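Here you get one chain, nothing else, as structure tokens; it is the form predicted on its own.
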């Protein structure tokens, strides 16, 4: 898989809307984010342009409206973000990251049982 350009935190917010409402116009994105963000309309339009330039979004023009759609699924972007984080922070080694999180984070018995189940399935 070719590595996609990194998506900034602000761009992730835009992408969440696009994944949920694709295809979406800039007005759709602005309307959806209006309650949660203090971004101006032009900020959102700039973020959409950046995502287009990065190849994360594509669009179709119908009359004077642009309908934005994702190039990659949310899961594909999350996978790439995980791999990038793992490489940057842990040199690509999964075990030290898992050990760190397991030692540092509080887990419920249900979460521990789920992790045990996943690990036992990996052994098969």
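Numbering follows the first chain given and starts at 1. Keep in mind that this is a model prediction, so the values were computed, not measured.
A second form of this protein, the form predicted in complex with a further copy of the same chain, is not displayed here; the remarks below concern that form.
Candidate stretches 30 to 38, 59 to 67, 77 to 85, 45 to 53 - the one whose heavy atoms come within 4.5 Å of a further copy of the same chain in the predicted complex: Single hit among the candidates: 77 to 85.
Distance check, residue 71 to a further copy of the same chain in the predicted complex, heavy atom within 4.5 Å: Residue 71: no contact with a further copy of the same chain in the predicted complex.
Residue 115 within 4.5 Å of a further copy of the same chain in the predicted complex, heavy atoms: Contact with a further copy of the same chain, yes.
Close approach of residue 20 to a further copy of the same chain in the predicted complex, 4.5 Å, heavy atom: The answer is no: residue 20 has no heavy atom within 4.5 Å of a further copy of the same chain.
Contact of residue 97 with a further copy of the same chain in the predicted complex (heavy atom, 4.5 Å): Judged by the heavy-atom cut-off of 4.5 Å, residue 97 is in contact with a further copy of the same chain in the predicted complex.
Any residue of 16 to 53 that, in the predicted complex, places a heavy atom within 4.5 Å of a further copy of the same chain: Contacts from 16 to 53: just 16.
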